[in-house]
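Okay, so we've got a single protein chain in two different forms coming up as C-alpha coordinates, structure 1 first and structure 2 after it.
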Structure 1
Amino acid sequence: MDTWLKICIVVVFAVATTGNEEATPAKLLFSKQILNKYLVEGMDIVIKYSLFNVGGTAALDVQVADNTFGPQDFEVVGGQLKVTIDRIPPGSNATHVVVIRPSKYGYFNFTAAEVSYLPSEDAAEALVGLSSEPGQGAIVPFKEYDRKFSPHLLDWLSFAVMSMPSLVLPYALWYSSKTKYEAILTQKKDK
(Lines of atoms letter the chains of each structure in order from A and count residues from 1; the text may use other names and numbers.)
(Lines give C-alpha, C1' and ligand atoms only; values in the text may rest on other atoms or scores of the structure.)
Protein backbone atom coordinates (compact mmCIF):
# COMPACT_ATOMS: atom_id res chain seq x y z
CA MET A 1 0.00 0.00 0.00
CA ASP A 2 2.88 2.29 0.79
CA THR A 3 4.31 1.86 -2.76
CA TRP A 4 0.94 2.78 -4.32
CA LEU A 5 0.90 5.99 -2.36
CA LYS A 6 4.41 6.85 -3.56
CA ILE A 7 3.43 6.11 -7.20
CA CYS A 8 0.34 8.31 -6.90
CA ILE A 9 2.38 11.17 -5.45
CA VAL A 10 4.93 10.90 -8.28
CA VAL A 11 2.15 10.87 -10.92
CA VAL A 12 0.43 13.91 -9.37
CA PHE A 13 3.75 15.77 -9.19
CA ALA A 14 4.56 14.90 -12.83
CA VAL A 15 1.15 16.09 -14.05
CA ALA A 16 1.39 19.31 -12.04
CA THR A 17 4.82 20.24 -13.41
CA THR A 18 4.11 19.51 -17.09
CA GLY A 19 1.65 22.41 -17.41
CA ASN A 20 4.30 25.01 -16.53
CA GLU A 21 6.49 24.42 -19.57
CA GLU A 22 7.28 27.07 -22.11
CA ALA A 23 5.49 26.85 -25.48
CA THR A 24 7.33 24.80 -28.07
CA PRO A 25 8.42 26.53 -31.26
CA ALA A 26 6.45 26.05 -34.45
CA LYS A 27 7.09 22.86 -36.41
CA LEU A 28 5.63 22.49 -39.87
CA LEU A 29 4.77 19.22 -41.55
CA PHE A 30 4.74 19.79 -45.29
CA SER A 31 3.25 17.48 -47.91
CA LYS A 32 2.97 17.68 -51.68
CA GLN A 33 0.32 15.59 -53.44
CA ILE A 34 -0.60 15.09 -57.07
CA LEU A 35 -4.38 14.74 -57.13
CA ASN A 36 -4.79 13.42 -60.69
CA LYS A 37 -5.23 9.74 -61.39
CA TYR A 38 -3.87 10.07 -64.94
CA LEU A 39 -1.11 12.46 -65.97
CA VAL A 40 -1.74 13.41 -69.60
CA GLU A 41 0.14 15.67 -71.99
CA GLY A 42 -1.78 18.90 -72.57
CA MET A 43 -4.32 18.27 -69.75
CA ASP A 44 -4.39 19.91 -66.32
CA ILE A 45 -2.53 18.39 -63.36
CA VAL A 46 -3.63 19.50 -59.87
CA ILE A 47 -0.96 19.69 -57.17
CA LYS A 48 -1.89 20.26 -53.53
CA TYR A 49 0.53 21.58 -50.91
CA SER A 50 -0.48 21.06 -47.26
CA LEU A 51 1.22 22.66 -44.27
CA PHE A 52 0.43 21.49 -40.72
CA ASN A 53 1.72 23.35 -37.65
CA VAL A 54 2.26 20.79 -34.89
CA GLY A 55 4.24 23.18 -32.66
CA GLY A 56 3.06 25.30 -29.74
CA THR A 57 3.50 28.74 -31.36
CA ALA A 58 2.56 30.26 -34.69
CA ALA A 59 4.82 29.82 -37.71
CA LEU A 60 5.56 33.23 -39.21
CA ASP A 61 6.56 34.39 -42.69
CA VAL A 62 6.01 30.97 -44.26
CA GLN A 63 7.40 30.81 -47.79
CA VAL A 64 6.65 27.86 -50.08
CA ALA A 65 8.62 27.43 -53.30
CA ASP A 66 8.46 24.61 -55.85
CA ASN A 67 11.15 24.72 -58.52
CA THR A 68 10.23 21.33 -59.98
CA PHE A 69 8.17 22.61 -62.89
CA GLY A 70 10.29 24.44 -65.43
CA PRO A 71 8.67 26.67 -68.08
CA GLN A 72 10.06 24.50 -70.90
CA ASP A 73 8.11 21.43 -69.65
CA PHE A 74 5.08 22.86 -67.86
CA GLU A 75 2.68 25.79 -68.11
CA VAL A 76 1.18 27.18 -64.89
CA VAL A 77 -2.57 27.41 -65.47
CA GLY A 78 -3.74 28.38 -61.97
CA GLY A 79 -2.10 29.26 -58.67
CA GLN A 80 1.52 30.15 -58.00
CA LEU A 81 4.62 28.05 -57.47
CA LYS A 82 6.03 30.56 -54.94
CA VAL A 83 3.68 31.55 -52.12
CA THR A 84 4.04 33.50 -48.88
CA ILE A 85 1.71 32.89 -45.92
CA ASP A 86 1.91 35.43 -43.08
CA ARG A 87 1.25 33.05 -40.19
CA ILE A 88 -0.01 29.56 -39.44
CA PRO A 89 -1.39 29.30 -35.88
CA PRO A 90 -0.47 26.32 -33.69
CA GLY A 91 -2.56 23.22 -34.30
CA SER A 92 -3.89 24.44 -37.66
CA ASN A 93 -3.12 23.94 -41.31
CA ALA A 94 -2.89 25.80 -44.59
CA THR A 95 -3.27 24.44 -48.11
CA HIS A 96 -2.36 25.76 -51.52
CA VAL A 97 -3.30 24.35 -54.91
CA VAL A 98 -1.49 24.80 -58.22
CA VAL A 99 -2.78 23.70 -61.62
CA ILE A 100 -0.14 22.98 -64.25
CA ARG A 101 -0.29 21.66 -67.81
CA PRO A 102 2.56 19.49 -69.16
CA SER A 103 3.75 20.28 -72.67
CA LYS A 104 5.68 17.01 -73.17
CA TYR A 105 5.05 13.37 -72.41
CA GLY A 106 7.41 10.88 -70.81
CA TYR A 107 8.64 10.08 -67.32
CA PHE A 108 9.01 13.02 -64.98
CA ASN A 109 10.54 13.15 -61.50
CA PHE A 110 8.27 15.13 -59.16
CA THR A 111 10.71 16.31 -56.49
CA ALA A 112 10.08 17.93 -53.13
CA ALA A 113 9.05 21.55 -52.63
CA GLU A 114 10.81 23.80 -50.14
CA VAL A 115 9.39 25.71 -47.17
CA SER A 116 11.07 28.30 -44.96
CA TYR A 117 9.53 29.89 -41.87
CA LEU A 118 10.28 31.59 -38.58
CA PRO A 119 9.47 29.18 -35.71
CA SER A 120 8.64 31.97 -33.23
CA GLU A 121 8.30 35.73 -33.07
CA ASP A 122 11.75 36.24 -31.56
CA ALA A 123 13.54 33.85 -33.95
CA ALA A 124 16.29 35.48 -35.98
CA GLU A 125 16.94 32.67 -38.42
CA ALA A 126 14.41 30.90 -40.60
CA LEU A 127 14.03 27.13 -40.61
CA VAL A 128 14.07 25.40 -43.98
CA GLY A 129 12.31 22.13 -44.75
CA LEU A 130 11.28 19.95 -47.66
CA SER A 131 7.92 18.47 -48.54
CA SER A 132 7.12 14.86 -49.17
CA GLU A 133 8.24 13.74 -52.61
CA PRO A 134 5.59 12.26 -54.95
CA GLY A 135 8.33 10.52 -56.95
CA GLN A 136 8.46 9.61 -60.60
CA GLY A 137 5.31 9.79 -62.72
CA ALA A 138 4.57 8.89 -66.30
CA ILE A 139 2.95 11.60 -68.39
CA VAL A 140 1.18 9.76 -71.19
CA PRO A 141 0.67 11.19 -74.69
CA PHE A 142 -2.78 12.62 -75.36
CA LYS A 143 -3.31 10.23 -78.31
CA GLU A 144 -2.83 7.20 -76.08
CA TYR A 145 -5.13 8.60 -73.39
CA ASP A 146 -7.77 9.46 -76.01
CA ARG A 147 -7.52 5.98 -77.51
CA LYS A 148 -8.23 4.40 -74.12
CA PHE A 149 -10.87 6.74 -72.74
CA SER A 150 -12.72 8.40 -75.63
CA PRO A 151 -16.28 7.22 -76.45
CA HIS A 152 -15.17 6.06 -79.97
CA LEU A 153 -18.41 7.28 -81.58
CA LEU A 154 -17.01 7.09 -85.12
CA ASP A 155 -15.86 3.52 -84.50
CA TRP A 156 -19.30 2.47 -83.26
CA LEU A 157 -21.01 4.21 -86.18
CA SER A 158 -18.80 2.44 -88.73
CA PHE A 159 -19.42 -0.87 -86.93
CA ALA A 160 -23.18 -0.32 -87.16
CA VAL A 161 -22.99 0.52 -90.89
CA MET A 162 -20.83 -2.52 -91.63
CA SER A 163 -23.02 -4.89 -89.64
CA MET A 164 -26.27 -3.68 -91.28
CA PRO A 165 -26.01 -5.92 -94.42
CA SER A 166 -25.59 -9.05 -92.33
CA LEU A 167 -28.73 -8.14 -90.37
CA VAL A 168 -30.92 -6.49 -93.02
CA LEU A 169 -30.50 -9.09 -95.83
CA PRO A 170 -31.70 -12.10 -93.77
CA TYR A 171 -34.56 -10.01 -92.39
CA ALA A 172 -35.60 -8.91 -95.90
CA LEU A 173 -35.54 -12.53 -97.16
CA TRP A 174 -37.60 -13.71 -94.18
CA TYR A 175 -40.09 -10.87 -94.55
CA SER A 176 -40.59 -11.49 -98.29
CA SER A 177 -41.17 -15.21 -97.74
CA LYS A 178 -43.51 -14.48 -94.83
CA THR A 179 -45.65 -12.08 -96.86
CA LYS A 180 -45.67 -14.52 -99.78
CA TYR A 181 -46.94 -17.39 -97.61
CA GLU A 182 -49.46 -15.16 -95.84
CA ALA A 183 -50.82 -14.11 -99.24
CA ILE A 184 -51.16 -17.78 -100.25
CA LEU A 185 -52.82 -18.59 -96.93
CA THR A 186 -55.37 -15.77 -97.26
CA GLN A 187 -56.19 -16.91 -100.82
CA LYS A 188 -56.90 -20.45 -99.58
CA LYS A 189 -59.14 -19.11 -96.79
CA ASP A 190 -61.09 -16.99 -99.27
CA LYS A 191 -61.94 -20.02 -101.47
Structure 2
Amino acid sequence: MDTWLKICIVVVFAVATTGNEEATPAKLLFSKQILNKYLVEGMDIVIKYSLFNVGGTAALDVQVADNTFGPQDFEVVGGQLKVTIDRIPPGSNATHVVVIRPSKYGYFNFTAAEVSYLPSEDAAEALVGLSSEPGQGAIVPFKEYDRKFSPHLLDWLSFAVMSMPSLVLPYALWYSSKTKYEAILTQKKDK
Protein backbone atom coordinates (compact mmCIF):
# COMPACT_ATOMS: atom_id res chain seq x y z
CA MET A 1 0.00 0.00 0.00
CA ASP A 2 2.74 2.46 0.91
CA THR A 3 4.64 1.54 -2.25
CA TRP A 4 1.61 2.23 -4.43
CA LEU A 5 1.11 5.59 -2.75
CA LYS A 6 4.70 6.58 -3.40
CA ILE A 7 4.44 5.55 -7.06
CA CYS A 8 1.27 7.67 -7.46
CA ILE A 9 2.94 10.72 -5.92
CA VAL A 10 5.93 10.34 -8.26
CA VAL A 11 3.63 10.10 -11.32
CA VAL A 12 1.68 13.23 -10.29
CA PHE A 13 4.88 15.26 -9.91
CA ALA A 14 6.13 14.05 -13.28
CA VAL A 15 2.93 15.12 -15.01
CA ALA A 16 2.96 18.51 -13.27
CA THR A 17 6.51 19.32 -14.32
CA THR A 18 6.05 18.17 -17.93
CA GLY A 19 2.81 20.23 -18.17
CA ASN A 20 4.80 23.41 -17.45
CA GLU A 21 7.29 22.73 -20.18
CA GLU A 22 4.51 22.37 -22.83
CA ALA A 23 2.40 25.55 -22.04
CA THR A 24 0.51 26.92 -25.11
CA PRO A 25 1.68 30.25 -26.44
CA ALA A 26 -0.40 33.38 -25.86
CA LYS A 27 -3.39 33.84 -28.12
CA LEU A 28 -5.34 37.09 -28.06
CA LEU A 29 -8.98 37.53 -29.03
CA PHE A 30 -9.58 41.14 -29.96
CA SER A 31 -12.96 42.89 -30.16
CA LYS A 32 -13.89 46.43 -31.09
CA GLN A 33 -17.28 47.80 -30.01
CA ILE A 34 -19.15 51.06 -30.55
CA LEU A 35 -20.89 51.80 -27.27
CA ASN A 36 -23.14 54.59 -28.61
CA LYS A 37 -26.79 54.09 -29.45
CA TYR A 38 -26.80 57.18 -31.70
CA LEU A 39 -23.92 58.38 -33.87
CA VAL A 40 -24.23 62.14 -34.26
CA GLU A 41 -22.08 64.69 -36.05
CA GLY A 42 -20.11 66.74 -33.52
CA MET A 43 -21.03 64.48 -30.59
CA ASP A 44 -18.81 61.93 -28.81
CA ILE A 45 -18.57 58.32 -29.93
CA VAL A 46 -17.14 55.83 -27.40
CA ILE A 47 -15.10 52.91 -28.80
CA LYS A 48 -14.20 50.01 -26.53
CA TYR A 49 -11.32 47.63 -27.40
CA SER A 50 -11.22 44.33 -25.49
CA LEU A 51 -8.35 41.82 -25.53
CA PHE A 52 -8.76 38.30 -24.12
CA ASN A 53 -5.72 36.04 -23.69
CA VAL A 54 -6.97 32.49 -24.23
CA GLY A 55 -3.49 31.02 -24.45
CA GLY A 56 -1.39 29.41 -21.73
CA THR A 57 1.34 32.05 -21.66
CA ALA A 58 1.33 35.75 -21.09
CA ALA A 59 1.15 37.96 -24.18
CA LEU A 60 3.97 40.48 -24.13
CA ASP A 61 4.46 43.91 -25.70
CA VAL A 62 0.86 44.11 -26.88
CA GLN A 63 0.51 47.02 -29.30
CA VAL A 64 -2.98 48.11 -30.29
CA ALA A 65 -3.36 50.54 -33.18
CA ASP A 66 -6.55 51.84 -34.80
CA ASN A 67 -5.78 53.67 -38.04
CA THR A 68 -9.34 53.71 -39.30
CA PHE A 69 -10.29 57.16 -37.96
CA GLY A 70 -8.66 59.74 -40.19
CA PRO A 71 -7.92 63.18 -38.67
CA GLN A 72 -9.93 64.94 -41.42
CA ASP A 73 -13.11 63.08 -40.40
CA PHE A 74 -12.63 62.46 -36.68
CA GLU A 75 -11.16 64.24 -33.70
CA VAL A 76 -9.78 62.22 -30.77
CA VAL A 77 -11.36 63.68 -27.65
CA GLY A 78 -10.18 61.15 -25.04
CA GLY A 79 -7.73 58.25 -24.96
CA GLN A 80 -5.33 57.30 -27.71
CA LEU A 81 -5.69 55.31 -30.91
CA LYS A 82 -2.25 53.69 -30.41
CA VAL A 83 -1.64 51.96 -27.10
CA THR A 84 0.99 49.55 -25.72
CA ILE A 85 0.14 47.05 -22.96
CA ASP A 86 3.24 45.39 -21.48
CA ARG A 87 1.71 42.10 -20.47
CA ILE A 88 -1.62 40.30 -20.59
CA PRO A 89 -1.46 37.21 -18.35
CA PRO A 90 -2.97 33.96 -19.59
CA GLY A 91 -6.71 33.69 -18.98
CA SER A 92 -7.14 37.39 -18.35
CA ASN A 93 -8.30 40.37 -20.38
CA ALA A 94 -7.56 44.02 -20.93
CA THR A 95 -9.80 46.82 -22.18
CA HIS A 96 -9.08 50.19 -23.66
CA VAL A 97 -11.56 53.01 -24.40
CA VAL A 98 -11.21 55.86 -26.88
CA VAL A 99 -13.61 58.78 -27.31
CA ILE A 100 -13.78 60.31 -30.79
CA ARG A 101 -15.92 63.04 -32.34
CA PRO A 102 -16.98 62.90 -35.99
CA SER A 103 -16.70 66.19 -37.85
CA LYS A 104 -18.92 65.13 -40.76
CA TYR A 105 -22.19 63.28 -41.13
CA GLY A 106 -22.90 60.37 -43.43
CA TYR A 107 -22.37 56.62 -43.62
CA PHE A 108 -19.07 55.37 -42.16
CA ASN A 109 -17.65 51.86 -42.30
CA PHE A 110 -16.17 51.01 -38.90
CA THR A 111 -13.38 48.53 -39.80
CA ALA A 112 -10.95 46.50 -37.73
CA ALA A 113 -8.15 47.75 -35.50
CA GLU A 114 -4.76 45.95 -35.45
CA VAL A 115 -2.91 44.25 -32.62
CA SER A 116 0.62 42.88 -32.49
CA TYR A 117 2.12 40.95 -29.56
CA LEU A 118 4.82 38.47 -28.60
CA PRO A 119 3.18 35.10 -27.86
CA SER A 120 5.94 34.05 -25.48
CA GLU A 121 9.10 35.36 -23.86
CA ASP A 122 11.40 33.74 -26.33
CA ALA A 123 9.29 34.43 -29.42
CA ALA A 124 11.31 35.91 -32.27
CA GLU A 125 8.47 37.41 -34.26
CA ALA A 126 5.41 39.29 -33.12
CA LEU A 127 1.99 37.97 -34.06
CA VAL A 128 -0.39 40.34 -35.81
CA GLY A 129 -4.14 40.19 -35.51
CA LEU A 130 -7.26 42.18 -36.35
CA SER A 131 -10.23 43.06 -34.19
CA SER A 132 -13.87 42.45 -34.96
CA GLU A 133 -15.54 44.97 -37.28
CA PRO A 134 -18.53 46.91 -35.96
CA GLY A 135 -19.69 47.46 -39.55
CA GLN A 136 -21.37 50.37 -41.26
CA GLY A 137 -22.93 53.09 -39.14
CA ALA A 138 -24.90 56.21 -40.03
CA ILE A 139 -23.61 59.41 -38.48
CA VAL A 140 -26.66 61.67 -38.47
CA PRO A 141 -26.45 65.46 -38.87
CA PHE A 142 -26.65 67.37 -35.60
CA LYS A 143 -29.81 69.18 -36.76
CA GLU A 144 -31.69 65.92 -37.10
CA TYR A 145 -30.64 64.76 -33.65
CA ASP A 146 -31.45 68.09 -32.05
CA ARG A 147 -34.80 68.23 -33.81
CA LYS A 148 -35.65 64.80 -32.41
CA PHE A 149 -34.31 65.02 -28.88
CA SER A 150 -33.75 68.57 -27.72
CA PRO A 151 -36.52 69.90 -25.39
CA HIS A 152 -36.29 73.42 -26.89
CA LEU A 153 -37.62 74.89 -23.66
CA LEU A 154 -36.49 78.42 -24.42
CA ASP A 155 -37.99 78.28 -27.91
CA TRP A 156 -41.36 77.11 -26.56
CA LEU A 157 -41.29 79.84 -23.93
CA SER A 158 -40.61 82.45 -26.62
CA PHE A 159 -43.48 81.05 -28.68
CA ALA A 160 -45.79 81.32 -25.68
CA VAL A 161 -44.76 84.93 -25.10
CA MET A 162 -45.33 85.77 -28.80
CA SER A 163 -48.76 84.11 -28.82
CA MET A 164 -49.99 85.82 -25.67
CA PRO A 165 -50.95 89.18 -27.24
CA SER A 166 -53.02 87.44 -29.95
CA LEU A 167 -54.91 85.46 -27.34
CA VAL A 168 -54.96 87.45 -24.12
CA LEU A 169 -55.78 90.85 -25.57
CA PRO A 170 -58.96 89.95 -27.52
CA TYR A 171 -60.14 87.77 -24.64
CA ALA A 172 -59.57 90.55 -22.11
CA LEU A 173 -61.47 93.07 -24.25
CA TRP A 174 -64.39 90.71 -24.74
CA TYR A 175 -64.44 89.72 -21.08
CA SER A 176 -64.48 93.33 -19.83
CA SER A 177 -67.50 94.17 -22.03
CA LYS A 178 -69.27 90.97 -21.04
CA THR A 179 -68.83 91.52 -17.30
CA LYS A 180 -69.90 95.18 -17.62
CA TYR A 181 -73.28 94.32 -19.18
CA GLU A 182 -73.85 91.28 -17.01
CA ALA A 183 -73.29 93.51 -13.97
CA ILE A 184 -75.96 95.95 -15.23
CA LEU A 185 -78.41 93.07 -15.47
CA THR A 186 -77.64 91.69 -12.03
CA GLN A 187 -77.84 95.19 -10.47
CA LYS A 188 -81.34 95.64 -11.80
CA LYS A 189 -82.35 92.18 -10.60
CA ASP A 190 -81.06 92.98 -7.10
CA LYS A 191 -83.20 96.19 -7.06
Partner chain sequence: MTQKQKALSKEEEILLQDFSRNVSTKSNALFYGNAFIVSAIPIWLFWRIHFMDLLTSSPLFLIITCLSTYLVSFAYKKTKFVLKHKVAVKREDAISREISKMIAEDKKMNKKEKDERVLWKKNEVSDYEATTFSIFYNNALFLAVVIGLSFFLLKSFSPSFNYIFSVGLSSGLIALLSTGTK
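Fair warning: this is a prediction, and the values are worked out from it, not measured in the lab. In this text, the rigid core denotes the largest set of C-alpha atoms whose superposition between the two forms falls within 1.5 Å. Reference numbering: structure 1, starting with residue 1.
### Either 1 or 2, the form predicted on its own
Form predicted on its own: structure 1.
### Query
For the two rigid parts the chain splits into between structures 1 and 2, is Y107 on the same one as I85?
Same rigid part.
### Query
Two rigid parts, two forms: what's the rotation of the smaller one against the larger between structures 1 and 2, in °?
Angle reported for the domain motion between structures 1 and 2: 39 degrees.
### Message
Fitting the two forms on their rigid core, what distance in Å separates the Cα positions of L153 between structures 1 and 2?
### Response
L153 C-alpha displacement between structures 1 and 2, core-aligned: 2.6 Å.
### Query
How many angstrom apart are the two C-alpha positions of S176 between structures 1 and 2, if you fit on the rigid core?
Here the C-alpha difference is 8.6 Å.
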